[in-house]
Structure formats: structure tokens, C-alpha cells
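In the block that follows, a single chain appears as C-alpha cells, in the form predicted alone.
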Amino acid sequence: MNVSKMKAAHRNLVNYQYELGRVWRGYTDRILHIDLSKNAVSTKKVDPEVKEKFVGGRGYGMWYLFQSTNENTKWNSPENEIVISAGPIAGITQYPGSGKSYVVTISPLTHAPIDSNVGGYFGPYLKFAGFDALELQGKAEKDVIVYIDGNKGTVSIDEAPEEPLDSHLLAEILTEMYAMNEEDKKHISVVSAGTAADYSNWGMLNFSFYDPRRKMVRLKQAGRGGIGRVFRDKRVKALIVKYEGLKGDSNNPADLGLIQDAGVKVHKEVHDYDDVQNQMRARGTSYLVSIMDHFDILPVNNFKYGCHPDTHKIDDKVYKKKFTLSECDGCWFGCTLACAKVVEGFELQTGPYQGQKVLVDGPEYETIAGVGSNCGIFDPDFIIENNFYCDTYGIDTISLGTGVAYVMELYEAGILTDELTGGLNLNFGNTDSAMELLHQMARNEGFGAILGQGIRYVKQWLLNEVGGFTAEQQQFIKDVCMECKGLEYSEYVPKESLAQQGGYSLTNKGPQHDEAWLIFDDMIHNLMPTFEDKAEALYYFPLFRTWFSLVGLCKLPWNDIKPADNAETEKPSLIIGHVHNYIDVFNGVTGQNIDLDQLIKQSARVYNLQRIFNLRCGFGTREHDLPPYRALGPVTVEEYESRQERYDSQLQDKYGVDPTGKSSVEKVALMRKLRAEGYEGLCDAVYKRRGWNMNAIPKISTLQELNIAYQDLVQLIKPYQE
């Protein structure tokens, strides 16, 4: 492709000069605001109270999005923003996992605020270019590229008609276009979506980083909630930031020694224990596949089952051979955990790039389980190819996997017919049809165009437009639709863990595992026998893990490498040694002196703000925390009988009901009643612990305790107070 010709076709709309900022103790205290409708670029100072209360990252995203929108704002309203912010810790090189960016917008899937985390270099480079956050608002008339030069202090908006949309091409082209030479490419990061994001509510964003060893651009994904669809609705083809001059003290921390001491501890743990713990450097998150299968929580056939005899065909042993392991891969400088795996020279068998050899980032566990086992597919090369096309088209692999699994189950149940699918055979395991659905999304054609709107849309389309179903079929369509709040479930079977059911459906954004992954402590180790135990975990872990999103951290170095003595600590699941590290790092960067209680309070402010934001969008009350029944228990007789000994024992020992003489149909109905009651009891306990009322609304007293009882927030929740 002729990069010079593409660059020459640009038409400049605005050039903005700004004074280079200085990062001081992790902050620039300045926001970059871009209004695409007006071609206006401006900067604004961060109010000290906003900085104190909402910290950065997702906190800044939620606050500025809330202030810039109103109760009538939809995902495709011009005033809806995409806010990208990294946080005060982001950009340090002494502690692994310190390069995360957090993206916030109003979602086309949930119609409420969504947040998604992503690696790559954009967020840290944006900060060092002079800004704690970028607010992207309005809509351009034609496709544009926004370029931020953090060394010259310029922002430009150019119409860009020639560049292709697909990310594996666009990121390479723009990196070459804006780099002075080969060495300069590592100073550039590109944010892009892809062809399918023009049409699909599963559209996501790719954040790039340059791999100098392979001399290729790599991609990491802000996958959840359809942020890429908003990006393309705004007619943004790409965001680019360039920054040269990264140093170990670029954050100008208050106490670099405190940060270095924490880093030395965890780097030594990675060196000494990674090979005997999870082997993240060798196999990344693919190690989870065989573990989840062993414990019967790997999603198979739309979360119907938790294991499969063919899982060994797609486990870490298989991918370890396919990953290029000559060098460890991290998506930010200094990350020795290095889980960002890659498959090089993969020859594509389908689609517009058939026959080409490409580099594929991943696949990670969620992709393997989602587009693989959950769809009854145990072909590792199919998963790699599907991963590639999802990335370049801009499609979330988690939503895609759960979505395809859903329609496959409906097809096998006779609810979806060949006429409705356009002739696609959607039996579990059909790789050709699964791949064709993805290509249809990129072309906005056929049944793929329908599915790409999300499975809540498919459910409503079947019930309200197709129609003609029996009452039993209608209930089945609802029961096996694995979404909550409009977001598709990520890839763990929650029905054997009440705590994990809450960890998914009691989230603000929908069922994503980054808030509370409690299956092992609850289901395997039985460390949470009471509602109160589970509620405490569902208070602490979502807030602790939310904190990563405020400051710019990846969660994997917290729990995928552990100190040698962690098992001997009072609560091993806390990994308290790493918690102390994080407190030291935060204090070392910012000069503050927070403890764990203050850390949790920082998160609680943002968590409650997001809950109230949901309420303003028309959601946020108790009924929106109700999961599909497949997430709670067995929907079908077949499902029950696959675990009959376990379920019969639960009826007898847990619920005091003798299953003897009862038919499987009777036992399914009885289990449904008992598990639904248990879930409601969990909700009561969690809401109480979080300082919410029984309608799941934060109490005014809770906002007062958190020092965020602002008038606009109080007015929103006041009508719902008991």
C-alpha cells in the first residue's frame, strides 16, 4: 500500500498547539477535549476535588462522561463521549502490569456506562504527552484521524479517506506514516476499530504497541460493551499518540525508592515461581483452559456443561507449541509477567485475507473458551483464525463466543430454522458456519448482521418479531440467553457457585469477570458458607479490583503470580503481600499515605457513581441484576442428568429435600425454585453490605460517608430511598 499517497489525501480540519505539560507525581492535571462536530480542540484543568475523589482512569472516565451527558443521551447521541484515561500509576516501568488504559462510554449493548481495560501504549503515552484523559465528543462528517504529538505539543484532525479500516492494516500503516524511521515506531500508539464495528454492537477498540524484535505492530483490545461501535459512529478512523522520551522516572514520583522496592519483590517472584505456578511467560492465560475443564467450569455448548473430552485439543499444551516463545512478551515496558502471546506466520484459510500469513495476538483464555469450547469447537487453528478476524474487524471475542453459542443452542432446539439463519447450519461444532457469521458481521449481511446486534437483541427479535413460539419455547429462549444488563457473559460457568453468580450479575456494567472471580473460594474451597461471607467477598473484591482501573494497573500480576508464603496468610485469596505492594506503589508515585481502607474508599466512590449513572440511564434497580436462569442452574433435563449425582446430593444435603422417586422434570423445577430463592437472598445480603437499599440503590447516607453527596447524585437517588 502506498502510505505516502494515503497521507497526501488527508485534508486538515484543525491544528491545535498546546503548551507541553509536566507529569508530577503521576498526574498532569489536564484533560484534552475534542469535539468532532465543531472540529474544536481544547484543554481544561482537573478540579482538585475531582482528582481527590475519583483518582484517575475509570474514575475520571465516569465523572467526565456523567458531566457531559444527561438522562436523554443515547449511545449514538453526539454528546456521548469516549473517555480514555490511564491513571496515576500507569507508565511506571518498575512494576509489572503498569501500562493499562481504561475506556468509558455509554454502550450500544447496555445503554448505560461501560468500562473496558486495555494494554498497549496509548494511555501512558497520552499522559506523557500532557493529558490525564482524552474526552472524544461529537461526530465528524467524514472519517477522520486525530493525531497527538506529545513532543511538539500539537493536535491535528484530518479527514482520511484512503486508509483501510481493518486494524491489522491500519495500525501498521499509521505507525509507518507518522514515524520518522524504524526506531521511531516504538514511540507511536494507534487506537482503531475495524470494518465490523461500523455495524455491530460488539465493536471494540484495538490499542497498538510496536514490537521491535518482530518489527511488527501488535494489538491489545478494549473489548467489552461495543465501544468500537461508538468510535465508528463518531466517524473516527483512528487516534494516534506519539511520545519520545520515556524514562524510569517519567511520572516524577514522590518516592521512586518505594516503587523500586515493591518492584524488586514481585520481579523476583516472577523469576523464581512463574515456571512452577502458572507459566504466564510461556503460555499466557491459556493455562486456564485445562484447569477450568478439570473443575467443570469451562463453558461448553452455551454454558450447558463445564467440561468436555476434547478439551485437550485446545489446552495450553497445544498453544504453547503455537506461540512464539523466543522472547517473552509484555504489552508495556517492564512487565516481566509477559503474558501477551503471539502466533506468527499463521496462514488464513477464509475471508478477505485468505492465503495471507499474518501475526495473531493471542488467543487468550476468554477467546479459546468463548469461540472454542462454548461453541462446541475444539479446533485450535479455527480459534486462532477467528481471533485474528475478530481483532482486525473490531469484534469482541467474548460477546461473539457467547453469542454464537446461544444461537447454536437455539438452532439445535429447533427455535432457529434454516430460513431464519439464511441457510447456515448452526449445530454446535460447525466451524464453517461460525466463521461465516463473523464475516457476515463485517459485511453487514445475513444472520450475522442480526446476531451482531447482541444476544439481548436476538432474544427480543425472536419473541417480538418472529413469534409463534409456545410458552415453553419462549421461556427457553430467555433461560439460555447468557446476558445480563445487555452484556454477554464472559467464559466461566457460574451455576455451581452462588458467589460467582453475584460476581457476574451484580456488577454495574454486566457479567464481566474482572470485578469478582470467586468460583474457587466458593465452589472448590467452600470458604464462603453463609450469605454474609459471600456478601463480604462481593463487597471487597469488586472494589479492590475496581481500584486497578482507577490507577492504570493490570490485575494479572496481583493473582497470577503469588508470594511463596501466600498460602500461610490469614486470607490467601487476598494475596495481601501484593496488596501491600500496590499501596506502596501508589504512595510512592503520588506522595499520599493511603492504607487499604482508603484504597477501598477510593473505589467505592467510583462504584457508587457508576451505579447512579446506570439509574440515570433508566437502569440500576434490582430487576436489572437478575441473571438468566442458565447462570443459576440446570435449565433442561439433559443438563440436570449430566450432573445428577451432584444435584441430587444438593437437594438432599443443602436443601433438605429427598429426591427419591421424583422425576428429572420435577427435580429441575424444584432446583429452579430453590436456586432462585438463594440468589434473591444473596442480593439482599450484598445490597446491605454495599450500603444500598433492597432496590439496589445507594443510600444517601452511603454517599455522605464517601463524601460524594453531590446535589445531582442525591437528586437522582432521592425518589428511590426507603
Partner chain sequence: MRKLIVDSSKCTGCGQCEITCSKAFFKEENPQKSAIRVAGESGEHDITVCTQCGKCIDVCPVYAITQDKNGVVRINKKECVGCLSCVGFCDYLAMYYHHDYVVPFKCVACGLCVRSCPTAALTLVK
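Positions refer to the first chain, counted from 1. Just so we're clear, the structure is a prediction, and the values are computed from it rather than from any experiment.
Quick note: we don't show the form predicted in complex with the partner chain, though the next part is all about it.
- Contact between V270 and the partner chain in the predicted complex is found at the 4.5 Å heavy atom cutoff.
- The partner chain in the predicted complex comes within 4.5 Å of no heavy atom belonging to K321.
- Among residues of the shown chain, T367 is not one whose heavy atoms approach the partner chain to within 4.5 Å in the predicted complex.
- In the predicted complex, the partner chain sits within 4.5 Å of a heavy atom of G334.
- A heavy atom within 4.5 Å of the partner chain in the predicted complex is found for one listed residue only; from T636, T93, S433, Q440, this is T93.
- Only one of K186, H111, R616, H624 lies close to the partner chain in the predicted complex, with a heavy atom inside 4.5 Å, and it is K186.
- Contact with the partner chain in the predicted complex, defined as any heavy atom within 4.5 Å, is confined among 523 to 531, 499 to 507, 209 to 217, 391 to 399 to 209 to 217.
- Of all the residues from 245 to 269, those having a non-hydrogen atom no more than 4.5 Å from the partner chain in the predicted complex are L246, K247, G248, D249, L256, G257, Q260, D261, V264, H267, K268.
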